[in-house]
Every structure is written in C-alpha cells, then in structure tokens.
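A single chain comes next, written as structure tokens; it is the form predicted on its own.
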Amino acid sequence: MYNTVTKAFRDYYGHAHTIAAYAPGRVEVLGNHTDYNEGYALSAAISYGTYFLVSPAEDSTCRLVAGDLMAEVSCDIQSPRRVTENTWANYVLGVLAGLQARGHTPTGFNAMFLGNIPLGAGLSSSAALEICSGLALSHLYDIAVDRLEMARIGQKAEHEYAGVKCGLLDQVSSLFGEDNALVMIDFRSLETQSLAVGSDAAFLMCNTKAKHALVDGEYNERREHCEAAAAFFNEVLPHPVTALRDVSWAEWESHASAMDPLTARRAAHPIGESERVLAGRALLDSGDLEGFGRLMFESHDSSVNYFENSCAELDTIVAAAKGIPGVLGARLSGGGFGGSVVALIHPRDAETVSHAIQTVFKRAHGHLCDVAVLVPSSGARLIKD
C-alpha cells in the first residue's frame, strides 16, 4: 500500500513526497462507552491503517487528495474551513486547524492519503486519518506535539469538523499501540499500559456490513443518562462522584431501584464495563484467556440488556460464537448499532471459526459477513524511507 500511494503521489503532483506517516485503526476489545464516563478500556492498534504523504507547496494552497477516489479538496492555509462535500477532508482540515493553534504554518502543502481500514466496520478509519495527517503535518511545520496532545487534536477535529462528540479511545489506541499487546487506557488520567496477549491469542474481526447509524440522538441519549446517573449517585453515595467510573457495581445494585429505570439500565453498562476491564487485566497477567473471553461475552450481554446498542446482525455472530469450538469470547466493538464483532480465538482455529461464523450469518441474513484476523500492532509513526 505504501508503494502504491508513493507512486500515486508522484504521478499526481509530478514530484515525490517529503514526509510520510502511518496510523493504524483500532479494535475495542473490552470497555464499551467508558471513555466519556472516565472509566477504563482495553483496545489494540491493528494491522490495517492509513498512510499520509505530504510535501510543502510553493504558495498558500493546501491540496488534499484521497488516494482511493483520486478526489481533491483544496483550501488556503489560513482558512481550513469545514466542507460539506467530500467530507472525508474534514478530519484533516480539523487537525490542521488544531496544529495552527500551536504553531506557525507559513505555506500550503500537497498531500495524499490511502488506507485499507474497512469503512463502516467500527475500526476507526477516521481516527487513523486524523493521527497520520497530524504526525505528517506537525513534522512538515516543525510543530512540537506529544502523543496525548495529538490525540486531543484528533478528538477536537471530530467534534468541530466532523460533528461527532467522541471520546479519546480511538486516537489514543492508534498512537499507543504495540505489537502483540493490548492498550489499557485510564480515561481519567489518560495513562496507558501495555498488556501482552501472547502468541496463543488472536482476534477475528467479523464485519456485519450493517450500518444502523449511530445518530446523534442515540449517542446523546445514552450520554445524557450516564451524566444524570452520575449526578444521582453523587447525591446518594458517601463519596464524591464526578463520573460513573466512581460508582461500583455493588453500589449500582444497592441504589438502582431508586432511579429512573432507563437511566439505571444505561448506567449499568459503563459501570460494569470498567470493572470488567480491571478484571480482564488481572486475567491477562495470569495468562487466563478463557476467563478473559468470558468477560467479552458478558460485555456483549450488557450491551444488549442495559445499553441497547447492539443489533440483530451483531447478536447473530455473538450467539453463534458461544457454540463454536475455538471461540473464547466475542462482543460488539465500538459504538454499536452495526459494525463489527471482535472474537478472541487461538490462531490455529482462525480458518474453521471464520467459516462457521460466515455460514451461520449467511443463513440468518442472506449474505456473508467479512471475517479477518486482526493482529495487535505498533502505533502511529513517521515513515523513514
């Protein structure tokens, strides 16, 4: 892919790029909707990602080309405004604006990006584009930005240019990924920890191709209930509660009956998820993959019963996975309402498990789901030719 985009850049602009960066997508393994509740998550950078190539322009024009579409968006370096067509450009334009708040951008640029992250699969192609463009452009303009600041720039681009009020899971995962390891993220301190998964573990991405859009209303409804629940617990518990991360499962059980039933259900999910992440870390440390897989199944059940962010296609795969030999655990990955299931397996079982899942899915929904092995991989980086 790098050779492809390198040649395409030269053919399109008539000269070679000067800077290249790469950022991977991510898979959320455990810890769903915990980021804005200041909880914990376990994720991994994956072996699918996006390259961003750039060279300085001789004038103030910024030219950005999507290498798969060969479509161009341009703007003046002083006015990287949000666009309403070719909206993929907004992720880069938002990052550019974030960098301009931190340093000087004296000239325009010529840029092209190309990735292989399946769109709509819940593997965060948008964050990968934000991060690789941020790395390349910050290097082009000699603007010093550390990894957490880069993650925040990407998040702000999502908020203000793409209109998605996301947390930091995607950007942090893309930046802090390591080979054969999960990234544990504490969303209060933003501290990260690398947890080895070992050679006997692999993950399958099962892309349902379902696109039950995570519309603003659905996301906002859940976030509002979580915030309302945190305010309730701050009133009734003997310790401060600023977010649901501060509430234990035992405390939820003791007080849920006094809450609005829908608010109680919504709150149960991120509370349980953070506790599952902490339990999962201990299981990984002891090499208990079977126990970790059970937590993944529990996580999906919580999405179904409490947060209601699953869908029939996702549930088909998880239900089938519970009866397929070789599957240790499975759950929806990402925001939900479509996208992908992530399944924990032994590498030797990848082919038989993939076939079994596809057979069940086609019988239920009339078409195959895409299944691929995801390898926990190193995070975003500049490319040195």
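Remember, predicted model here, so these are calculated numbers, not experimental data. Numbers follow the displayed sequence, beginning with 1.
From this point on, the text means the form predicted in complex with a small molecule, which you will not see here.
Comment: the small molecule is not present in this chain, but in the model of the complex one of 243, 168, 99, 268 has a heavy atom within 4.5 Å of it, namely 168. Exactly one listed residue, out of 109, 88, 252, 219, brings a non-hydrogen atom to within 4.5 Å of the small molecule in the model of the complex: 219.
Residues 31, 36 and 335 are all found to lie within 4.5 Å of the small molecule in the model of the complex, as judged by heavy atom distances. The stretch from 159-167, 257-265, 194-202, 111-119 that comes within 4.5 Å of the small molecule in the model of the complex, counting heavy atoms only, is 159-167.
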